[in-house]
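Below sits a lone chain in structure tokens, taken as the form predicted on its own.
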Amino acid sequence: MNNAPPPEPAIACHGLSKNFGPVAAVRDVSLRLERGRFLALLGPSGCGKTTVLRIMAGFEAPDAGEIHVGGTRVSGPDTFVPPERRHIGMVFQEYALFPHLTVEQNTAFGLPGNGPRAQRVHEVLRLVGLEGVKDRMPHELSGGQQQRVALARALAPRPEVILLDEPFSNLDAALRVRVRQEVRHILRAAGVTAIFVTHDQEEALSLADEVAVMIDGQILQVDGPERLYRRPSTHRVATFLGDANFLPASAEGESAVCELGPLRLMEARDGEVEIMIRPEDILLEANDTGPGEIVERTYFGHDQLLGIRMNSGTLLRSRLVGCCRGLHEGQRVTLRVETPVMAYTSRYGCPLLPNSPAL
């Protein structure tokens, strides 16, 4: 029988709080991330997510709370380890490369002078695919290459954790998708633990193993991307994570009756609830006597978003993949939902899911 204690997480934060004058930027934030995992800290601008990252890195001191890196306390009562001794790498939003140093010199900057320094620089430049441009200056590189230099510099000292602040915000839309996949591959190959801050829901859901939704200085939910999207803990999390339709309903057991008819619930409940339906879960069929009318159509190529006005006046959104012949503005339709739906007790209250993770 193995009675060994579980391994320490790469990083753990407990009860972090930070005020700037009368503004509570961070309120009782707790996070825990196991080694080798990626976490996205997702939230709107001004919600406090970059402040959390700066507190983790040691650039800001919290007013309350503790931080442990690899099991060692680096911040807390009577403890404050400076940034350079926390074994944390940082990739800044603006990359913060030294313009007068080459790619190789930038990468080597954070390494101690003794030991196999040149060998480590060669290793990380090969890892990020930049060994062929090691003698170039930052201004001679593309945005994606500059980001990889910043990543190489952060990886070179073999940190416990890599922190990335809005790492793809300076890239154009076409480049962003390709570069974020490259960065994910590099971090996986390096075997590091990473936390990145973003306000982009697609970015967070597609790259992270876990996503922490932060709004108004608080963490509202931490979960895997799919569960977070399908089972958001509150109405507010649901709306931040993408399009969502909400309808009042009466629940009884494993079903709820709403304007669209009886729907299955993710959890059996009773009473008055508000249900959430993602647009892609609403299927449409042309029907000249149907209860809904298409009043708006936005075509994106790979899919299209349709606005439907019900006979009651309720407006719903349906997202359909590909070309849907016969569906056009003015067409009446029948609506169908085949997947189970979430139920909430109130617009801002907790959902009717007893097993939602709590911090």
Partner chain sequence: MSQSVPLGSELGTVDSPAAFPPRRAVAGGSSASWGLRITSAAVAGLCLLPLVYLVVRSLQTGSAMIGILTAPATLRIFFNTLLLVIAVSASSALIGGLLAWLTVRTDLPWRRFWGSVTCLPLVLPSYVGAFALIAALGPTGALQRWLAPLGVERLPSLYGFPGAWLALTLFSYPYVQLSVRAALRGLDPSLEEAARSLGMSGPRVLLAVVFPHLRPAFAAGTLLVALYTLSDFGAVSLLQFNAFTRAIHVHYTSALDRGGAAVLALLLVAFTFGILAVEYRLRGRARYYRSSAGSLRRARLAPLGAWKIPAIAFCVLLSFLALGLPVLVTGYWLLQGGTAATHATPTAMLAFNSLFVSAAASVLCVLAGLPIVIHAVRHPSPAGRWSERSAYIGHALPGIVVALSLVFFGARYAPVLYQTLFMLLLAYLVLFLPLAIGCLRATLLQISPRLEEASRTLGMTSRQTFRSVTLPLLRPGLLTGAALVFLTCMKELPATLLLGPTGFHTLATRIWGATEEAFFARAAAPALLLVLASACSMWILLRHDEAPS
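Just so it is clear, the model here is predicted, and its values are computed rather than measured. Numbering follows the first chain given and starts at 1.
Same protein, other form: the form predicted together with the partner chain, not shown, and the subject of what follows.
Looking in the predicted bound form, is the partner chain within 4.5 Å of a heavy atom from each of Phe20, Pro82 and Phe98? Per the other structure, all of Phe20, Pro82 and Phe98 touch the partner chain.
Although the partner isn't part of this model, could you tell me whether Ile88 comes within 4.5 Å of the partner chain in the predicted bound form, counting any heavy atom of the residue? Yes - in the predicted bound form, heavy atoms of Ile88 and the partner chain come within 4.5 Å of each other.
Spell out, yes or no, whether the shortest heavy atom distance between Arg27 and the partner chain in the predicted bound form is within 4.5 Å. So Arg27 does not count as contacting the partner chain.
Within 4.5 Å, heavy atoms only: does Glu66 come near the partner chain in the predicted bound form? It does not: once the partner chain is placed as it appears in the predicted bound form, Glu66 has no heavy atom within 4.5 Å of it.
Consider Ala61 of the chain shown here, and say whether it contacts the partner chain in the predicted bound form, taking contact as heavy atoms within 4.5 Å. Heavy-atom contact with the partner chain at 4.5 Å: present for Ala61.
Just to be sure I understand the contacts: of Thr314, Gln331, Thr50, Gln304, which is the one whose heavy atoms reach within 4.5 angstroms of the partner chain in the predicted bound form? Checked against the cut-off, the match is Thr50.
Which one, Glu94, Glu285, Glu267, Glu123, lies within 4.5 Å of the partner chain in the predicted bound form by heavy atoms? That would be Glu94.
Could you tell me which of 234-242, 208-216, 157-165, 71-79 sits within 4.5 Å of the partner chain in the predicted bound form, going by non-hydrogen atoms? Looking at the other structure, the answer is 157-165.
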